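Taking the form predicted on its own, here's one chain by itself in structure tokens.
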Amino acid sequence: MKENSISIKKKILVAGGGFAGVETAIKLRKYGYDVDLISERDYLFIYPISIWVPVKKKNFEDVTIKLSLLSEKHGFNVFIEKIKEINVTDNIVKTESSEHHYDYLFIAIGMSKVKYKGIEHTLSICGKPGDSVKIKDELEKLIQRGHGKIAVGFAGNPKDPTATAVRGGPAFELLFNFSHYLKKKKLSDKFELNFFAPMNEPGKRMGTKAYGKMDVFFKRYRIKTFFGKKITEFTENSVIFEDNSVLESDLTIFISGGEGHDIIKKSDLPQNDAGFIKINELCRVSGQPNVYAIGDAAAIIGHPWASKQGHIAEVMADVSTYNFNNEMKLKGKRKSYWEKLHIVCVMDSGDGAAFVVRKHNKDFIIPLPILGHWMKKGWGFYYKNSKLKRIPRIPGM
């Protein structure tokens, strides 16, 4: 720890054990505060590299970090409990097994997904962590059979007008990795790979330059596209669109648009139409001086091109804890997460990657054959080992 224990004793609670919650707990410990973290899972799941579980480049354990290890390394307390209620009026978080009172609360419980008819017939690489293993198992069944039709898609949330809760990147990555994997198996000619999305220009949030390159990737990896058709429902072996057309599929992976977490929707927290928590640029919840919301749980406003990503969750963790610490120490300086908003993605394809960056005034894409794949693998190694203090952390990352 960089500082001695803070003399002001406050009960500080972090709700959520993902990117945002873990980084918040780590930062608060660096400032010297005692911290309790609640998570329904006993591990942190590293979503950006989970795309390699279905193609057997990573085992499930490779893309997780035990919270007990993070607790040991950084000194925060962990409670593996499922949250059932957040009450900011009474300063209490209720779980299925206990109640946690707090003086200050950092909400990082993520988001829920928009429900579609028949969505139980799909799997998601951005949903429950265990889905990554299920996708692997279902893909292997098709490989053993020797042929198949695979459909991968994503959608947004009509109630989220700026579409900040759309996750298209992992869908692209998974399809490209599938294509590379099947090529190595010499099965490319035996499989159909299809990509679907209800918007006319999926991926344009990455920027016009990146979007303009997508056709090249689709052709290279032999992927057919179905764009601009709203999804009506999913069946066991198809995707049905609003115009009654049908996309046949033996394995459907779908990343639904995000909406406010069910716990948030039932709470007394201020929310936008999509159910995300209203915050200001300091990550403080509107009308709640002792509550911060970070990561996917929070509404991003004022930047219609922005998107919820893991690195943005960590930016918000940094900003919220900095502002909290300065408030405790009666310092006037504050940070805004708006100043650090940007989209950055190493979009992996199994045999390379594309480095994509978008800011408010520019965007670019750099194809990185071979090297890009190793860059992303390097990031995964860095993320896991720097979190566990096995290697130094690079400032700003």
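Only a predicted model underlies this, so the values are computations on that prediction, with no experimental measurement involved. From 1 onward, residues are counted along the sequence shown.
The same protein has a further form, the form predicted in complex with a small molecule, not shown here; the description that follows concerns it.
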* Sort through A306, M214, I263, L105 and report the residue having a heavy atom within 4.5 Å of the small molecule in the predicted bound form. => I263
* Structure fact -> Students should find that, of W338, Y31, F355, Y47, the residue having a non-hydrogen atom no more than 4.5 angstroms from the small molecule in the predicted bound form is Y47
* To do: Look up in the predicted bound form whether E201 has a non-hydrogen atom within 4.5 angstroms of the small molecule, and give yes or no.
  => no
* **in the predicted bound form, R41 touching the small molecule (heavy atom, 4.5 Å)** => yes
* Do D160 and the small molecule come within 4.5 Å of each other in the predicted bound form, heavy atoms counted? -> no
* Using 4.5 Å between non-hydrogen atoms, is A165 touching the small molecule in the predicted bound form? -> no
* To do: Just one of 150-158, 265-273, 134-142, 290-298 has residues with a heavy atom within 4.5 Å of the small molecule in the predicted bound form, so point it out.
  => 290-298
